[in-house]
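To begin, one chain is listed below as structure tokens, in the form predicted alone.
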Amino acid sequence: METIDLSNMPIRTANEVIRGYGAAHQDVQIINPDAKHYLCVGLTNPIQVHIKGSAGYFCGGLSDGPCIEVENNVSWGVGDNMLAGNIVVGGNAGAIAGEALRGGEIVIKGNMGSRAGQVMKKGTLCCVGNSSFMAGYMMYGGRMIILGDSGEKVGEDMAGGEIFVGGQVNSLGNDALQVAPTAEDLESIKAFLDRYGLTFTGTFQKIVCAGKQLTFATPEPRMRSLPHTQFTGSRVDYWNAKVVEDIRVKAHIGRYRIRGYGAARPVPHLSDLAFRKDLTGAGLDPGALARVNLRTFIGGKHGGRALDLSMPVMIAPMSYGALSPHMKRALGIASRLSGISENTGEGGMYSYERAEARQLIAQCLSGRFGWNIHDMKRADGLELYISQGAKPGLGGQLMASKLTAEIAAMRGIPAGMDLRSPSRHPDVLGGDDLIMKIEELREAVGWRLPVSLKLGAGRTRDDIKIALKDRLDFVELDGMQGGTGAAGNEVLEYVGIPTLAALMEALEGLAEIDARDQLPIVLMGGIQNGVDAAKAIALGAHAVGLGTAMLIAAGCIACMQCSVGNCVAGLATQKAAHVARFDIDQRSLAMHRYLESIRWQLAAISAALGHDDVRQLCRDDLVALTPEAAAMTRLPYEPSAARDLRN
């Protein structure tokens, strides 16, 4: 057994050494751990690791296969997202032990803190002592064994899995049900305890999901939906068709409505800005593409390998689940053909998309759906989803009609439920927790990849400062015009702030701490074309992200059926007949051509303004066309400059 002494070795070096021993199938003992964080994070070999002392945050997290023994205590998140192997803790564990567990076994011989097993999906988490409150919070599967008392609200909002309590159940959580364990349950528990040399002489109580809140009681009726082009309700009548339809549906279902797309009401946007110079002749220069540098590197700020974009454009996060498998493949192809990056979205990495995309960002959602160490290592960047512009502060939604058995298995959750993601990460309750999570992700991939943040515009001025302090490589900032597959209608319309205001809030927040150019911002939320992209970059964005525009380029007919999966064009559905209509090659080329039109517009505008690099675009190139846009951007108000370049 090899020995690693942490008294004179940084944790980053130690984890690389441990992974090296793992590759050689050599067992390891760690001395003088001093409760250091991230021990054995990202370890993917079936070796024995003995930690002679206590460990800090995320010990054994994002691992697959090792057997880890900790002599004393561990802090937050022991074994988070573990796929296989086991962890045995000789003392107590902090909060969220076994969060997002995907397999393997964790045994805590002392007590464990609050929210243990949050969003866990497989495997066994065993506590010999007492558990604190909300054990099994939002649990999707797996087994939890608590030999002592459970704490309050055990099984809160659980959707699957089983919790066995040998002591007192202080109180049941929402939608949790206490039932009698079966003989098979008790036999399996005894075998598990015997394997770890644990004894128990009492009786168990079993807690499962009651199943009353897994799906909405009343689905929305099939109606002849208003096309998005008529969805703004811009007619002068107060009781317009949009309002009438909304009232009728709510009278039927008795809850908020769910739809896709983004905000429909008019708010100030990039179209309310214009270029100071007359650009009507900009497209006449055939050499603009060759003369203007569009190549953009993003994400190398803290030592990871930066994304290499042929132009300052990225494809926004959209999940497999919200989108069809054919659409995800087509997005990967289009991103490769145009030399930009793609993003998995919140549902995990679809291997066909990974095969097609040259650069793919893996997104980590609060529910940790599909999140695992192997896909992290296959990615070109990692992203923590905090929120999105269409529903800032809220988790995602995927209705049961789109949650197929394949997608449920990929996400590690039960099929047939109306999936509502947690509104926050189990291990990120503030800025100090955020930096701990970022460091864990970096440790897991050996600091090779950039780590970004997906941020819905809300308290943007403060959030951007936290992102800089916590050493993010870049931020994807999403305004309220950003689209989604499913969200509450009122949230889409009235929560969040416009994209234009979001960018200004972020830039001014950084300027307040003399850091305006120190954190790249990718602006998303209603970017329609290269003209919008050029304006965003002139205002101060580093790049832009495209979501809804990519769907339209791929054939979206805006039928407003995204949330229920009745997209006849085959983009936002999992129904085989609809998906079959989607021609991957044809649609990927259509999206590629659209992206190339953006490239041409960026180059043409830059050249016409006298720039040979797209990053030379600046505020001096812009004016505002409306008083509202002028107030938001602090640009001069010049309504006479109503010219644009759209062809």
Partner chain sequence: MCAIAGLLFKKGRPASFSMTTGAALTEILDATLHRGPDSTGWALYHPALEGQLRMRFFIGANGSGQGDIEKIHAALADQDVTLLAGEVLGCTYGARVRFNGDVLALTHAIERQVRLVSIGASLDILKDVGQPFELSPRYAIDAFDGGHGIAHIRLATESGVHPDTAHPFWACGFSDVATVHNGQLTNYWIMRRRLERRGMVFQTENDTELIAVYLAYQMSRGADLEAALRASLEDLDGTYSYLVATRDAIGYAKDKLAAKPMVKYENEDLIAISSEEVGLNRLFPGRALATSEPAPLTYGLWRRESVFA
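Numbering follows the first chain given and starts at 1. Treat the numbers as computed from the prediction; the structure is a model and nothing was measured.
One more form of this protein should be noted, the form predicted in complex with the partner chain, which is absent from this view; the next part is about it.
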property	result
In the predicted complex, the one of N72, S423, T215, S171 near the partner chain [non-hydrogen atom within 4.5 angstroms]	N72
Position in contact with the partner chain when the complex is considered in the predicted complex, options Y261, F275, F204, F133, heavy atoms within 4.5 Å	F133
Stretch in contact in the predicted complex with the partner chain, which is absent here, among 77 to 85, 110 to 118, 342 to 350, 311 to 319 (heavy atoms within 4.5 Å)	110 to 118
Proximity of G65 to the partner chain in the predicted complex, heavy atoms at 4.5 Å	no
is_contact(D149, the partner chain) in the predicted complex, heavy atom dist at most 4.5 Å	no
Contact label in the predicted complex: N92 to the partner chain, heavy atom within 4.5 Å	yes
4.5 Å heavy atom contact, M417 and the partner chain in the predicted complex	no
Sequence-ordered list of residues in 27 to 52 near the partner chain in the predicted complex, where near means a heavy atom within 4.5 Å	N32, D34, A35, K36, H37
